[in-house]
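Next up: just one chain, as C-alpha cells, the form predicted alone.
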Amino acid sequence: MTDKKLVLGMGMIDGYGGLHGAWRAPHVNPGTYADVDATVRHARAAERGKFAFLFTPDFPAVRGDVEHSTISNLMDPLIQLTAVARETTNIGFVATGSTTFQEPFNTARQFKALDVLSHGRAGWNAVTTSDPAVAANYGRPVADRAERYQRAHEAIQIVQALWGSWQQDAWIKDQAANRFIDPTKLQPVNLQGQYVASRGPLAIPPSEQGQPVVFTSGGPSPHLLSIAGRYASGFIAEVWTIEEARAQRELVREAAREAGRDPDEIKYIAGLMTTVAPTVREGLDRRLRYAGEVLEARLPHLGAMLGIRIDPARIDEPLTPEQLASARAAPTDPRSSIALEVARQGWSARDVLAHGVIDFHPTVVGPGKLHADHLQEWFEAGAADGFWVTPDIYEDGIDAFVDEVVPILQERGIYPTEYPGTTLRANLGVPRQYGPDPRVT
C-alpha cells in the first residue's frame, strides 16, 4: 500500500482504437469517426475506471493510406470534447493545440471556455508543429526550430496572462448596486513578443480549477525541456523501457527545479497500448485478425532491429537457435530489446510482431494481471507518475481494461477507488494556478 497513486489518461487517437484495422472489427461501427455519441460512450467507460483525463493528439492534415486506414484524429478535438464535457462529470480533457499555427488569443479563449463549461476539467497540450503538410494547410513555410520554440515560449506566456486577465474576484454580479464586473480587475495584458502579441483582456471568468492545466509532449530535447520546466504540469512521453523513462523523467524534473518550481508538480505520463484478453494467445489472435497484413509488411523492420534476416516464408515459425544466437538488440532503438526478449520466448515471427514490438508505445497483450504488473513495475521504479493508455479497440477494449485491470491496481493500493476531486488539477494532484506562475521569470 502507498499514499501515492498512479494517474491514468486515455488516448483518443480516433474513434476506433490503437490497433491498425480496429475500424474493420465486426462489432465496431465504421462510421464512428463522425459519431460524437460514440466518443461520449468511450469517455463514460473511461470515467467509470476513474481515468483522470482523455488525451487527444491532433494532426490537422490528411496523411497515410486513407483508402485502407483511418484518419488518425478526432474531427476537431475541442468541439468534440466540449460535447463530451456535457455528458460526463469527473474525467478531464487534455487537447492538443499548436503554438506554431494558432494565435495565443484564440488558444486562450477556446481552452478557457472549455474549462469553464466543464467546471475545471480542461488541459492544453501545447506543441510546436513542424510538419510540412500542416504548414501547407495554414499557408506558411516550416519555421526553424529556434523560431518555433521562441514562439512557443511567447505564446504560452501570453495565454497564461490572458487566462489571468479576468481576475478571480472581478465578477461582482451585484444586481442591487448595478455592478456586473469590477473594471479595475478586467484589464488588458498588452504583451508584445517577437512573433506573437495580444492586447487582451480575455472575457472569460475563472473555472473551479482557476485555469486549464498546461501539458507538453514529445522527447527530451533541450528546447522542449525548457517549455516543460517553466510551464507544464503534465509531460506526455513516448518511451519504451524503464531505464529510458526514468532518465527522461529526471530530465523533466530537473528542468522544473531550474525554473524555480517543485518537480513534483510535473506529472510524467508514459504511453501504453493494451489488448486485454483471457490469454496471451487469444490476445494475439485478436490483434492478428485485424492487423495481419500490416504485420507482414513489418517483417524486414523486425529483422533489421535484431540484426538478422527473417525469411518471409518462415514468418509463422519461431526464430531458429542460430538466429537467436546471432540476434542483437540495436542500441539505437529501445524497442529492439523488447522484440528480442519476446522472440526468445519461442513465439513465431508473426506473433512477435503481434506483441506490438514496433508500435508507438510498449504494448501488453493478455490477461489483466499482465497489464497491472507492467503499470506497477514502472510506477514503483520511478519511471512514470502515470500512463496514457490506448486500448486496441475502443468499443470493447476500454471496458475490458476498466473491468479487468483497474480492480487489480486498486486492490494493490496504487490506484484510486474514487476520484480525488472534481477538477483536472485535483485528479492529477497538481496545485491551483491562475495567470502566469509567479515563480517563473
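Just so it is clear, the structure is predicted and the values come from calculations on it, not from any experiment. One-based numbering along the sequence shown.
FYI, the form predicted together with a further copy of the same chain isn't displayed, but the following is about it.
- In the predicted bound form, at least one heavy atom of residue 116 sits within 4.5 Å of a heavy atom of a further copy of the same chain.
- Contact between residue 203 and a further copy of the same chain in the predicted bound form is found at the 4.5 Å heavy atom cutoff.
- Mapping the unseen interface onto this chain, residue 60 counts among the residues with a heavy atom inside 4.5 Å of a further copy of the same chain in the predicted bound form.
- a further copy of the same chain in the predicted bound form comes within 4.5 Å of a heavy atom belonging to residue 82.
- Of the candidate stretches 227-235, 257-265, 345-353, 103-111, only 103-111 has residues whose heavy atoms lie within 4.5 Å of a further copy of the same chain in the predicted bound form.
- With the partner omitted from this view, the residue of 243, 341, 333, 76 that lies near a further copy of the same chain in the predicted bound form is 76 [heavy atom within 4.5 Å].
- Interface residue among 370, 315, 197, 324, judged by heavy atoms within 4.5 Å of a further copy of the same chain in the predicted bound form: 197.
- Relative to a further copy of the same chain in the predicted bound form, residues 24, 31 and 140 are all within 4.5 Å by at least one heavy atom.
- Contacts between 169-205 and a further copy of the same chain, taken as any heavy atom within 4.5 Å in the predicted bound form, involve 171, 173, 174, 175, 178, 179, 180, 181, 183, 186, 197, 198, 199, 200, 201, 203, 204, 205.
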